[in-house]
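The chain below stands alone, shown as structure tokens; this is the form predicted on its own.
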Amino acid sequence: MTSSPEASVETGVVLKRLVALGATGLGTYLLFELRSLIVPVLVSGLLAYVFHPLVTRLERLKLPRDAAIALLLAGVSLAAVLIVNGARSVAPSEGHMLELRVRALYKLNTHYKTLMGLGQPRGNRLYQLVGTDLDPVLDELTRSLALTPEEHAQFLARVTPLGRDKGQSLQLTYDQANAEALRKRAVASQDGPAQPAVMTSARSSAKPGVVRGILSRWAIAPLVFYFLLRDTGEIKRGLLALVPNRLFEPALNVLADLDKALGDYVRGVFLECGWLGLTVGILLTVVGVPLHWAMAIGIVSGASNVIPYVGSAIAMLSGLGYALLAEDFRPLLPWVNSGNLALWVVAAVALAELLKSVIYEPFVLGGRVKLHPLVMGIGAVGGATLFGPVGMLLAIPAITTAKVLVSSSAKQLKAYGLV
């Protein structure tokens, strides 16, 4: 007894669907299990995409492709090492961090007391209006900045032997004022002694296992970077080979649109972020922020400018943080002082944001792919939730790719009468 042709066709369709379903499930499982490698692969792939035209140009100058890739890889690695070393050089030591927290707590309470007129019995009108809402916020900040008993002992051991030094003596004065403020706040809240935030020594030192895990995940990045740059079209030809003949030309046009839009967008954003970071660093230096701090703030704000307004927000918060802690600084402008430094920081960051909106975006990004700020915001939050800070930075390129892929596919399918 033989089966009918219709039954054979139906069986084949069922088998294909089962195979497709199994492949989808397997792919989803592998993607979930290897999710820690997604960010390194995407970062290295994005860098390879950005540097691909440069490799092609070096190859036209008679430099072997492998040598050009090795040169670029060495340059990217050197830049990463310099950035890490620069971050370490400006990062405060553990002892210095204790002093910064003591000074920050003192300055916070002092500025809050002055702003709210707490020298009066009921404070000024601003305090009467918003004091009830801001007091819990101040309490939380106070608990996060206050030293634990162990940290306080380390702080005293650091500053007491040098107590005759003016700076160290000032630190002791701050510490005594903080202790008095904590005592008064505890009495006012009637909650007993103030409880500093619990901090352990693990806060200041990463576990070796964590460091090894990070290094092992990112070890794949140079390999992906190298092999993507070494590719001369094999990946593209392999993808097109999977496309049916009637969809070959639309697929080719979609890849061309995707390549142009994504390439222009990535390179444009890279230039815009670089210009914004440089502008922020220069303007903050002019208003009195030390050069190494201003450049560090500029680098971070420029890198995070992939997400609209986040770079400027980071520059604003970092600059105001320095204005809160600053004591001995030498601004280039004679009319800037410790009393109005915060206002000048706000003006500097606002001017940098204005230059970005009026000059950098129109001339650097031009008419490239644009996304609604709400879409960018939701994408950034989703990327940060799934993959952390790096995922937040990669969310916008991923959304841009998806947008161009969908819009170009729809346009090509309509143009060829396939839908």
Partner chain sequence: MDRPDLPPKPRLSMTGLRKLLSPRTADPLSASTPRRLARALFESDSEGSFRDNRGGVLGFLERVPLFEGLGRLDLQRVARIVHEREYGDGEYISREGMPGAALFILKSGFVEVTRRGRDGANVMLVTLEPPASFEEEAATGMNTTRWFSTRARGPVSVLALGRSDLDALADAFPPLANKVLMRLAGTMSTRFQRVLDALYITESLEAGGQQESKS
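Residue numbers count along the first chain shown, from 1. Just so you know, these numbers come straight off a predicted model, no measurement behind them. The term rigid core refers to the most C-alpha atoms you can superpose between the two forms while keeping them within 1.5 Å.
The following text describes the form predicted in complex with its partner chain, which does not appear among the structures shown.
Chemist: Within 4.5 Å of its partner chain in the predicted bound form: all of 245, 248 and 417, by heavy atom?
Modeler: Per the other structure, all of 245, 248 and 417 touch its partner chain.
Chemist: Look up in the predicted bound form whether residue 237 has a non-hydrogen atom within 4.5 angstroms of its partner chain, and give yes or no.
Modeler: Residue-level check for residue 237: yes, a contact with its partner chain.
Chemist: Is the gap between residue 232 and its partner chain in the predicted bound form 4.5 Å or less for some heavy atom pair?
Modeler: Residue 232 belongs to the contact set for its partner chain.
Chemist: My question is simply whether residue 130 lines the interface with its partner chain in the predicted bound form - judged by any non-hydrogen atom within 4.5 Å.
Modeler: Taking the distances in the predicted bound form, the answer for residue 130 is no, it never comes within 4.5 Å of its partner chain.
Chemist: At 4.5 Å between heavy atoms, is residue 126 in contact with its partner chain in the predicted bound form?
Modeler: No, residue 126 stays farther than 4.5 Å from its partner chain in the predicted bound form.
Chemist: With its partner chain left out here, work out from 107-115, 237-245, 276-284, 70-78 which stretch has heavy atoms within 4.5 Å of it in the predicted bound form.
Modeler: Contact criterion met by 237-245 only.
Chemist: Which one of 141, 256, 156, 134 is close to its partner chain in the predicted bound form, taking close to mean a heavy atom within 4.5 Å?
Modeler: It is 256 that has a heavy atom within 4.5 Å of the partner.
Chemist: Which one, 252, 325, 83, 186, lies within 4.5 Å of its partner chain in the predicted bound form by heavy atoms?
Modeler: Flagged contact: 252.
Chemist: Is any part of 43-70 within 4.5 angstroms of its partner chain in the predicted bound form by a non-hydrogen atom, and which residues would that be?
Modeler: Result: 56, 59, 60.
Chemist: Spell out whether the Cα of residue 357 moves at least 2 Å between the shown form and the other one when the two forms are superposed on their rigid core.
Modeler: No; residue 357 is a residue whose C-alpha shifts by less than 2 Å between the shown form and the other one when the cores are overlaid.
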